[in-house]
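In the form predicted alone, a lone chain appears below as structure tokens.
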Amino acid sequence: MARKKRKTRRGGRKRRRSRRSSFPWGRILLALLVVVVGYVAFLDFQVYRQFEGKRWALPARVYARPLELYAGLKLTPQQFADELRALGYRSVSKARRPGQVARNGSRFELVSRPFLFWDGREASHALRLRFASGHLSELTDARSGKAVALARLDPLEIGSIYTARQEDRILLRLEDVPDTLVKALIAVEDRSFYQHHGVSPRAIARAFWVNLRSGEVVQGGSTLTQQLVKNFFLSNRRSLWRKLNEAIMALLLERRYSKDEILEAYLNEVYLAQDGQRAIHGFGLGSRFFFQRPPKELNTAQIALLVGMVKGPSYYNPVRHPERALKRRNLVLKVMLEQGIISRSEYQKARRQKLGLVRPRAGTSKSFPAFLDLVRRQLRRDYNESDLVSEGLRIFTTLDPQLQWALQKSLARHIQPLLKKHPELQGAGMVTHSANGEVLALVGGRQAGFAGYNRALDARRQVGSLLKPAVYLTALEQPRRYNLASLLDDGPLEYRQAGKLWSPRNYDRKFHGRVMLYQALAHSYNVATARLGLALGVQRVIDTLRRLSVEQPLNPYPSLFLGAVNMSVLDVTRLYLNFASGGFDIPLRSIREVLQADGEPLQRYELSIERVIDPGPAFLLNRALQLVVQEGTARSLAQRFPASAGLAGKTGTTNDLRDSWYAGYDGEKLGVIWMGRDDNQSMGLTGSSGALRVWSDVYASAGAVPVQMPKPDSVVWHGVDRDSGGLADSGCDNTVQLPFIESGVMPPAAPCASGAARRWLPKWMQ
């Protein structure tokens, strides 16, 4: 019985073995095959979708104004050289190719770059320029010698608006890339690029052997296609699974697309550097980032440096690790020589060269974050955010680099000496074109090249005496009651409102008795201004401010007359643009044109103006603001600029010297400067000792354009005796020329006026 049982068990084991042998391996293998095929199909779809669709989210590129050259342009040789350097023009002994310039003292010869502007493509031109007395005195064609009426340089690229991934690139077509660069890249990164089908076992073996002999990494084992797949589709995380995906997708990519298409994509995708939060991708942007010029203008040594950085952008960063980058560049040059890409003489010449990085000249940076902030705000008002970061828009702005650099330098120069005593001292400023409202320069803090809190747009501080012209304008718009010679009382004043006593004081702690209306504004007398405001009424002054685009909350109290209102530099600019333009409300704008990536115009920003001040009062107020410069609180400008410039403006100082302001204009530009501390503590500067000096340096650098405001028919000029405020003639010694609205009230004859003068005066004026 026992034996039978054992046999039975053995039989059972045999039956179990037979059941195991019938396990469905074939079905499992088939299922796995289906999964693999499906997964490969999925990867193939990913490759197809990315390459057939929009391959990159292209940021909007932002440009400054193009420099327009013509005989008579106010521009010094150094300013011109600075702009060429910022544009990346290469200094040579003889300019033969676009982007090259030869200088001999005040003479320049250059070949401009072709560029697609909003009004068409500008061809490359060979130009000869000569400067004299701070002007471009001669502009000719370098080949024919004929005079050129107008030439335009390619504009300075000042920034971009990119995606949340912070990637930036300039797309290149393969034909835009120097043949030397393409050959060098293939020789160093993937020598069998045109032979393999995406993955190259031989390349892996060869790279291992070359690197072993060199003692360092000279070649990589991954093909260019694999590198593109890794950068384009996959993460940087190292794993066997990622490497397998990389190989499969490389094979799929090669199956679908040509070698040239893959190479072009690689040239635009490769990561080369980090600029703050912005990632520099592609040789198009990399070339401009390190050398300030397009790839076609690179020399052999610069090409070798960029190609060498592909292996390790951070490790071989030429700014942080110049010795390491130089050694890597020379290794690439050696490979280029061995592969017959360059001759031995080219190799020896390139090897002797320095790294050749082109960095902006001190004070001539290309980073203007405060201005770009203003541009972004205007763009986001008119466009969807997705379009700005993906459609490759080309945005032409109003920024004038020369004015921008001058504003940055001046603000830094005047703040730096004060930082030991006031380390928190800050400043901001804006310069605009008076006739069209274009913002020409903008600084949001003392470190103009660093992004952060934009004080020019967002910091609202008390403006003090800057608001006074609105009070005086309100009076001058009533010509039957007031004129520039009207006598105001600058004696002690006490005003009780809601149970509180208000008693304003002048800055010099003195009272000045009876003063003419223009004198009260020129010398910024608080008491006379307050008494005038009370006579006009708070609401009437508020109505004037609203008409002049002041949108801030305004408290209906007499302190408003002395500037008890918070405004930003931008707000003050909008207010004073009404005065500088001769009475027009002109919207500020930072954008001229927007083009699509293909160069088609997308939107034009037309000029829209509206008269808000009648010509007569506007002319009178302009004269009063000119007298602020000639004999008032801004009289230091009269010592620096000729009287013929006719500069006009107003200083502003707030209580306890917390804020220093100056808003002023010449015949072309309005500038507003603020200095103070973010914590609103005293910093010891008046408008005259702080902001005015910054403004003065900016306009000395840019050149003051004479104010030529046309006199309205309703206005007449008269000489006025400064002592009495009466109409003067040759019998009076101390006089000032003032405009009057002819139909309005006139002052009586001055005591010093001769009898002859009295005879032609109407009886009611004698």
Partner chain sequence: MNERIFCLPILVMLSLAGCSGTPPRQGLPPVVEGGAPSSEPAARVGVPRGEEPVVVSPPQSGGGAVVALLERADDYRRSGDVSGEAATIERALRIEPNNARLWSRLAEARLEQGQPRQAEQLALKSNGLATGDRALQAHNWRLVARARWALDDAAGARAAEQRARSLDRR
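Remember, it's a predicted structure, so these values are computed and weren't measured experimentally. Residue numbers count along the first chain shown, from 1.
Here the subject shifts to the form predicted in complex with its partner chain, a form of this protein not shown in this document.
> If the cut-off is 4.5 angstroms on heavy atoms, which of these, Y507, F511, W118, Y315, is the one near its partner chain in the model of the complex?
Checked against the cut-off, the match is W118.
> Among P417, G72, G145, G499, which has at least one heavy atom within 4.5 Å of its partner chain in the model of the complex?
So the residue touching its partner chain in the model of the complex, by this definition, is G72.
> Would all three of R85, R113 and P155 be in contact with its partner chain in the model of the complex, where contact means some heavy atom lies within 4.5 Å?
No, the whole trio is out of contact, none within 4.5 Å by any heavy atom.
> Would E438 show up as a contact with its partner chain in the model of the complex if we use heavy atoms at 4.5 Å?
E438: yes, in contact with its partner chain in the model of the complex.
> Can A301 be called a contact residue for its partner chain in the model of the complex at 4.5 Å between heavy atoms?
Outside the cut-off, so no.
> Contact between P642 and its partner chain in the model of the complex at 4.5 Å, heavy atoms?
Yes, P642 is a contact residue.
> I609 versus its partner chain, in the model of the complex: is there a non-hydrogen atom within 4.5 Å?
Although its partner chain is absent here, I609 would touch it in the model of the complex, with heavy atoms inside 4.5 Å.
> Can you tell me which of 554 to 562, 248 to 256, 631 to 639, 321 to 329 lies within 4.5 Å of its partner chain in the model of the complex, counting heavy atoms only?
Stretch with heavy atoms near the partner: 631 to 639.
> Let me know which residues along 131 to 157 have a heavy atom within 4.5 Å of its partner chain in the model of the complex, or say none if there are none.
In sequence order, H135, A149, L150, R152 come within 4.5 Å of the partner.
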